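In the block that follows, a single chain appears as structure tokens, in the form predicted on its own.
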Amino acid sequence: MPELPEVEGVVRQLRPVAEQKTITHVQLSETIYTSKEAGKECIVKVLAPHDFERMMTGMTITDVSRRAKYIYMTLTKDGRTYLLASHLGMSGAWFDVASIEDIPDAKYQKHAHAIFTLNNGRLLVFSDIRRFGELRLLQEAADYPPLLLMAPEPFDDDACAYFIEKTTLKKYANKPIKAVIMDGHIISGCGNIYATEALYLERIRPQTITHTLSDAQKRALFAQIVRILHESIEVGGSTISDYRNVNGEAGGMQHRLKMYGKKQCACGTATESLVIGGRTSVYCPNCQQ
């Protein structure tokens, strides 16, 4: 699943191609329509597909930003402001193309589920192979309360203090630290990849119970998370499976990872793994104590 650096990369590339453009036509895939008819929601949430197409047509994209793992597009139409909250899920991707055939990967062409034609003739396309992504049209973030429960951005001045305070609560203090730092209510945007890396670099095992760590250890771990997120943003994020940026390019951080997905540590010890928070956690039994 794309984490904060991957989403930030998409946002930075969407801004110059999407901001101040007006959507002149919207086409959703047959899959979205048939799913809704079957009583399920595929990608487009809450709204009926034809209502989503009608409401999005004529919208002007005034701003593109990121909040945790969400892409926020601020929209205006007829003097009113709206918010399109987009989550990439497991395999979602946005593309800026002249035609669907210009999407560089055939599987993303096949799974183009929302096509937005802009007033300059370009297409903004949301493709999603596994269909766990979201397009949620709101009047404001408060219309979808889970958006208000996300932790501060990890780069905010108060984010570390917020993290340490939350880890003292009973519901978090008795959990493995890996589960805590992957929780978006505690740290925004840190998933399995970067949690694995930060714990390795701080020599902390993922199953370590949170309350056994000192505040100094927690501060050091948080600083490591922030450092790794910054590094990944600068090299375009990690492409482990399906992640692509707006130009269809893979990221570069996967080549710098020290522990995630590794069978052997740099020290020569075979790595071990266990499941924490529903995700496979890899660690070095020698380096991480």
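Just so it is clear, the model here is predicted, and its values are computed rather than measured. For every residue, the number given is its place in the sequence shown, counted from 1.
Keep in mind that the form predicted in complex with the DNA is not shown, yet the notes after this line are about it.
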*4.5 Å heavy atom contact, Cys42 to the DNA in the model of the complex*: yes
*Can you check whether Lys175 is within 4.5 Å of the DNA in the model of the complex, heavy atom basis?*
yes
*Hey, in the model of the complex, does Pro152 get a heavy atom within 4.5 angstroms of the DNA?*
no
*If you check in the model of the complex, is Lys69 within 4.5 Å of the DNA, heavy atoms only?*
yes
*asked:* Between the DNA and His87, Met90 and His185, in the model of the complex, does every residue show a non-hydrogen atom at 4.5 Å or closer?
replied: yes
*Which among 214 to 222, 155 to 163, 103 to 111, 77 to 85 is in contact with the DNA in the model of the complex, heavy atoms within 4.5 angstroms?*
103 to 111
*What are the residues of 118 to 152, in order along the chain, with a heavy atom within 4.5 Å of the DNA in the model of the complex?*
Ile129, Arg130, Arg131, Phe132, Tyr144, Pro146
